[in-house]
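Below you'll find only one chain, the form predicted on its own, shown as structure tokens.
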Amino acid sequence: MITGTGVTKTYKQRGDVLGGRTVQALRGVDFTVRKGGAVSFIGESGCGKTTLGRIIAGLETYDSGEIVINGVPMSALRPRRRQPYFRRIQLIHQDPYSALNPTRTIHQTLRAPLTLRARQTRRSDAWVDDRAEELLSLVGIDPGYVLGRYPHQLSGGMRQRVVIARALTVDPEMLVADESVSMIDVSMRLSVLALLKDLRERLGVSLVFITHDIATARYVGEDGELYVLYRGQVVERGGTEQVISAPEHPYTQSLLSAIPVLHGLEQPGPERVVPTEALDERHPDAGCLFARRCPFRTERCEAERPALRRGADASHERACFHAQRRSVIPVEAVA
């Protein structure tokens, strides 16, 4: 299990256009990913979800707060001592082509981490090749077809499956999938998403799914938890189906209101929420980060920042002074 408490991350932008502006990527984020569980982080571009995923995978440092893996606080360990913990958390990159070395065959790509794993577990060289074939079969690829090929000789969907197979070479406890289907053909996306669900069930690995696509988050983490991020802050969290079917924060409602409607079969939700203006992070906000874009804002929203609070359901939290359930998702059209 991994937990985060008050995790913050700030970047200093450079260049004449941004003028050295400081960007707060994460603002005191709390989260919990239980063993074998599924957690999805959603939000528009720039909300901090990718930064959080990289921190969970140990690829990015954090400024303050605490990350605890299996009961061990990471801040108390030196970087080298943290490596064994983060090694069991593997990141599945957004772009499968850039994630693979174009000069290595798939066999070479898998053999390198498997050889290290064989030394750690005192297994023979024969096990390395057998395990490579086993992992490729596990992710739905014919080993005989791909082992001798290079990444550019495979389709986008097959490359993503190879990336997943490589992540499994170290027997991870958790997979962090960052927009893992956004750069492959639409026809292949469902099969990759189904694969991630299947691996979680068969291997018992935890899954962190990072996306801006609410439909994919709903499919992959239907029995898990959903965190909605806005400008580095969690504004709503709860059970995936609960948050999507009964959203209470205006930002979550605006995301759900933007879901395309199937004309002739559906009609827009009766209480759709549309932000009053475009996102502009140049102005500091003393109060709610969403206040300037929120159609329901009051003077209190502009002066005071709300914290996550429980609603009628103890497992559903939202950071809003005027939280209210609204029917925003498309509904079946009346004949």
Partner chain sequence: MTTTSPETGGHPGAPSPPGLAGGPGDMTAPGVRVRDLVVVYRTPLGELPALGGVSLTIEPGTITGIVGESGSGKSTLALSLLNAVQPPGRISAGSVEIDGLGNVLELGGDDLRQARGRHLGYVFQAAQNSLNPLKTVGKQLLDLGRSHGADDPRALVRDARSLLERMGLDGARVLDSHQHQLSGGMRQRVGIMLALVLNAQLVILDEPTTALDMITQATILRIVREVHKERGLTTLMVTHDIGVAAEVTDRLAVMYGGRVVEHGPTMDVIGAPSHPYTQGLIRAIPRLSGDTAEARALPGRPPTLGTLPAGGCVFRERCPLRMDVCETVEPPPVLVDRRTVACHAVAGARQERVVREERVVREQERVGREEERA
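Because the structure is predicted, anything quoted here is derived from the model rather than measured. Residue numbers count along the first chain shown, from 1.
The same protein also has a form predicted together with the partner chain, omitted here; what follows describes it.
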item: Options 294 to 302, 266 to 274, 61 to 69, 33 to 41; stretch whose heavy atom lies within 4.5 Å of the partner chain in the predicted bound form; value: 266 to 274
item: One residue of Ala118, Leu203, Ile259, Leu77 in contact with the partner chain, assessed in the predicted bound form (non-hydrogen atom, 4.5 angstroms); value: Ile259
item: Partner contact for Glu222 in the predicted bound form: the partner chain, 4.5 angstroms, heavy atom; value: yes
item: Partner proximity in the predicted bound form: Ile329 to the partner chain, non-hydrogen atom cutoff 4.5 Å; value: yes
item: Arg231, heavy atom within 4.5 angstroms of the partner chain in the predicted bound form; value: no
item: The partner chain contact in the predicted bound form: Ser191, any heavy atom under 4.5 Å; value: yes
item: Interface residues of 209 to 235 toward the partner chain, as seen in the predicted bound form [heavy atoms, 4.5 Å]; value: His212, Ile214, Ala215, Thr216, Arg218, Tyr219, Glu222
